[in-house]
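Okay, so here's just one chain, in structure tokens, the form predicted on its own.
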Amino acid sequence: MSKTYPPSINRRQLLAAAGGVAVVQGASGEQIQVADSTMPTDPTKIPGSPATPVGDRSPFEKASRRVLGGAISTTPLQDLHGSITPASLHFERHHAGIPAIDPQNYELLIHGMVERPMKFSLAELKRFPATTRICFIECSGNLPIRANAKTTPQSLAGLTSQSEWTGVSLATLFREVGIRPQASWFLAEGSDAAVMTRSIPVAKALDDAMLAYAQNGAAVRPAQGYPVRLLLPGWEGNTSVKWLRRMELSDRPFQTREETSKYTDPLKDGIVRQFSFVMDARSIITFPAYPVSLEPGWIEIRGLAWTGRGHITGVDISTDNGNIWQPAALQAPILPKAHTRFRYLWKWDGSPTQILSRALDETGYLQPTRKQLEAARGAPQGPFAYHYNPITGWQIEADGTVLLAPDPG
């Protein structure tokens, strides 16, 4: 006699239970089989999950962004591999939320000191020759000044991410509208409720700026500026204006709210540095780092280095709080204005110590200590400091505990 089962349990779910797995709901709605820790499992004995319109990460992978106040999220640097940040883990920073923009209604206006003021739809932008490049974006305030010992790489420097960006060269569009010889600056304006605006030198537009409509092979994510964002490789993130809707050419900077009340660098003696666009060379060790616990023996120290001035040419590692420095190996690809992975093999003997990293770029710039930075520019003001890139590292205790290290001497 055949046995009937309750209608709430189908044959696939019953087989899954018999094989030592549970069926759970994925983020995009499909059912995913995961191991039931109370029963042995053999994935060859049961059919797997079907194909879905959008793929999910394995339910066993837990990497996620850390959200701060609803306007900021940070990338889990310690959990990533290679140099490309998944679009879903790219850091966020916005000033008035993420606007919802219908791509069918999108328009970009270019006007001011041009021969032919023009509007471009998204479809018209995509008709121009496309260009693709890999580069990082970093918030200019990418370092909490009052970090405590129990700080992860994500909390320390998670306001930087890297993607493959595709779009149209801004120089191509400027040739299309015919910028006038006296035009030396342009205003980039976003469609968000804050109407984010920045003044940008035309020289950057003619160098390597682009309007990006794709990220890692797909449309730019809404939090990253969908449907079109400005991309200025190597420059502070706020200049790569998201949800771009207007560019106005002029012979002088516009002195907008964002570049006068914010994104300026107070220096010593009451002086303020303005238009400090380029992100200086920086590095961070992502392993070992808090909250990892180590055992004596061979350890591969790993991390990221980057610079807005071109290529990273070297990363030095110290395992004795900066007394002796040794070169780390750089992992290909080593691209300009891009995150570069570094590795250093070290045998820890179980003694307490500090491990540090410092980056060197092709201009000869060497990542400074905090004391060197403050000697040149003064102590930082407020909870964040712009363009603050001191050498940082990790304290390793005798029991293997890893904590954020005090500033090196």
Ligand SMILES: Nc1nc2c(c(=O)[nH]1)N[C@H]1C(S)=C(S)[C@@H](COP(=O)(O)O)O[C@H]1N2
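This one's a predicted model, so the numbers in the text were calculated from it and none came from an experiment. Each residue number is its position in the shown sequence, starting from 1.
Although not depicted, the form predicted together with the named molecule is the subject of the following passage.
_Which is the contacting stretch out of 114-122, 302-310, 268-276, 232-240, given heavy atoms within 4.5 Å of the named molecule in the predicted complex?_
Heavy atoms within 4.5 Å of the named molecule in the predicted complex occur in 232-240.
*in the predicted complex, the one of Ile101, Leu335, Val292, Ala223 near the named molecule [non-hydrogen atom within 4.5 angstroms]*: So the residue touching the named molecule in the predicted complex, by this definition, is Ala223.
*Only one of Lys126, Arg133, His95, Lys204 has a non-hydrogen atom within 4.5 angstroms of the named molecule in the predicted complex; which is it?*
Partner contact (heavy atom, 4.5 Å) among the options: His95.
*Classify His339 as contacting or not contacting the named molecule in the predicted complex by the rule of any non-hydrogen atom within 4.5 angstroms, answering yes or no.*
It does not: once the named molecule is placed as it appears in the predicted complex, His339 has no heavy atom within 4.5 Å of it.
*asked:* Please tell me whether any heavy atom belonging to Asp192 falls inside 4.5 Å of a heavy atom of the named molecule, as the geometry stands in the predicted complex.
replied: Looking in the predicted complex, residue contacts with the named molecule include Asp192, since a heavy atom lies within 4.5 Å.
*Do Cys139 and the named molecule come within 4.5 Å of each other in the predicted complex, heavy atoms counted?*
Yes, Cys139 sits close enough to the named molecule in the predicted complex that at least one of its heavy atoms falls within 4.5 Å.
*Please check if Ile284 has a heavy atom lying within 4.5 Å of any heavy atom of the named molecule in the predicted complex.*
No, Ile284 is distant from the partner.
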